[in-house]
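What follows is a single chain, given as structure tokens, in the form predicted on its own.
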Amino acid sequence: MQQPVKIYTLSTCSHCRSTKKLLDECNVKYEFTDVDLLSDEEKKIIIEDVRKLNPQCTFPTIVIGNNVIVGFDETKIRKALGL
């Protein structure tokens, strides 16, 4: 059974697109939130959540099970996924 995967991204971010592409290529199911496309109120709530995981609030912020990975790091992502 796959661990839950959630990523917080920006629609214009190349590292965020690379993260989605890697997960797609590995056939990993994931949820994502393009933070920049949210309404102001939703954005405020989500950014508070991201700051709890990643105080710098940078993107992508990737949550795989209990692991938080900040930025696109293919090695760390694959390791957290057990690939």
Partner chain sequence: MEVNELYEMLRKMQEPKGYFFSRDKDWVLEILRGLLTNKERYSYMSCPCRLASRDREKDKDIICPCVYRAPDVKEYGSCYCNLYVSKEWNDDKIPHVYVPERRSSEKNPII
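Residue numbers count along the first chain shown, from 1. For clarity, every value in this text was computed on a predicted model and none was experimentally measured.
The same protein also has a form predicted together with its partner chain, omitted here; what follows describes it.
Enquirer: Check Q56 for me: does it contact its partner chain in the predicted complex (non-hydrogen atoms, 4.5 angstroms)?
Expert: The answer is yes: Q56 has a heavy atom within 4.5 Å of its partner chain.
Enquirer: Taking heavy atoms and a 4.5 Å cut-off, does I47 contact its partner chain in the predicted complex?
Expert: It does: once its partner chain is placed as it appears in the predicted complex, I47 has a heavy atom within 4.5 Å of it.
Enquirer: Test of understanding: in the predicted complex, would G65 fall inside 4.5 Å of its partner chain by heavy atoms?
Expert: Output for G65 is no: heavy atoms all beyond 4.5 Å of its partner chain.
Enquirer: Just to confirm, S11 within 4.5 Å of its partner chain in the predicted complex by heavy atoms?
Expert: Answer yes; at least one heavy atom of S11 falls within 4.5 Å of its partner chain in the predicted complex.
Enquirer: What residues, if any, in 14 to 49 have a non-hydrogen atom within 4.5 angstroms of its partner chain in the predicted complex?
Expert: Heavy-atom contacts within 4.5 Å come from S14, H15, R17, S18, V35, D36, L37, D40, K43, K44, I47.
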